[in-house]
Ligand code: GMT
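Take a look at this single chain in C-alpha cells; it is the form predicted alone.
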C-alpha cells in the first residue's frame, strides 16, 4: 500500500507512535509518506520506503495567524495525487483529521482517498472538549473512513463525550521489544547511582496532567527508607516548579533532571522502578516502554493505565494523588528481591506478549485492507 501519515513531529506519544508505525510499515514493504511541518524526531535516520514532505506555510500580511490547517490540506492533496496514495492516516484529531477531510473533498471525482484517524488522548479528553472545537472534532471523526483509539477507555470517552456515530476500533500502542529490553550494561547505572542506590524513573512532557510533583513527593518518602535516586526525563511547563520543589525538600542532589533524551533504552534498563502518577493517561506509552525493559510500574488508576498495568502482577495501581500508598507499593517491591524479580519478569512478558510491534502493527494493516475493500 501507499500510505500517507500526518502527525505532530514532537516528543509526544502520538508523534512517537505515528512515526514508529510508519517505520514498521515501511519495513514490511509499504510505501510511507510523512506529511508534517517538520521531520518527526524519530525519523532522524534514513529508512527505506519512507519519504518526508514538509508543509510550507505562507506568510501574508493579511493573515494575522498562520493557516497551517489549510496548508496541510493542500499538501495532502499534492502528495496524494502525485504519489498515488491509497490512504491518509492522521494521528491526533486536531487539526489533522479536519485537514484530511478537506483534502478528501478536494479530490472528489478524481480519487476516493480513504482517511483513517487515530485518537491518542488529549485531542479527545482535553483540547477537543473546548466549546469552539467540539463540533469540529465530532464532525471530523464521523467523516473519517476508519477510526482507531489507543485504549478501550479512550473509545468509550469519545463515544460518551461526542455522541459519535462512528465504529471505533481499539488498537493499542505498541513497542519494539527487540529495542526496549533489559540491558546488563552497568556503566550508565554506576553514573546515576555510584553507591548502589535504587533508581526510580519518570518520563513525561512535564505538564500539569502528569503530576510530576507527585513523583517527587513519592520519592521523598522512599529515599527516607532506602538509599535511592530519582531520574526525571523530559521537559515542559512544570519543570521549574519541580526543580524548586526538589530544593525545598532538600532532594536536589538525589534527583537528576536529564531533559529530553533520545537514549531512553539505556536510561530505563539502568533503572529499577517506573513511576507514572498521572491525572489523565489515555494509554501510557512511557509505562509500556519501561515494562518492556523489565521495570515494574507504579501508576494511578486513570484512563487506559489499568488496561496496561496489571495490579499486583506487573506493578501496582493507586488512586490519583495517593502519594503515601504509591510510596508504600514502591518500597514493597524495592525491599523484596524475590517479589521484585517476579514483577520485573511479568512486566517484560506482558509487553512482549500483548504489545509488541509484531502483534499490533498487523492490526493496522488488516484494518486498512478492510476499509479499502469496502
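Everything numeric here is computed off the predicted structure, so don't read it as measured data. Numbering follows the first chain given and starts at 1.
Just so you know, the form predicted together with the ligand exists too; it's not on screen, but the next bit is about it.
Only one of 122, 215, 158, 98 lies close to the ligand in the model of the complex, with a heavy atom inside 4.5 Å, and it is 122. The contact with the ligand in the model of the complex, taken as any heavy atom within 4.5 Å, belongs to 173 out of 269, 173, 148, 223. Using a 4.5 angstroms limit between non-hydrogen atoms, residue 254 is distant from the ligand in the model of the complex. Taking the partner from elsewhere, residue 203 is found to have every heavy atom lying beyond 4.5 Å of the ligand in the model of the complex. Shown alone here, residue 283 lies within 4.5 Å of the ligand in the model of the complex, counting heavy atoms only. Using a 4.5 Å cutoff between non-hydrogen atoms, residue 211 does not count as a contact of the ligand in the model of the complex. Looking at 240-248, 114-122, 68-76, 292-300, the stretch with residues near the ligand in the model of the complex, meaning non-hydrogen atoms within 4.5 angstroms, turns out to be 114-122.
Shown here without the ligand, the chain has no residue in 249-264 lying with a heavy atom within 4.5 Å of that partner in the model of the complex.
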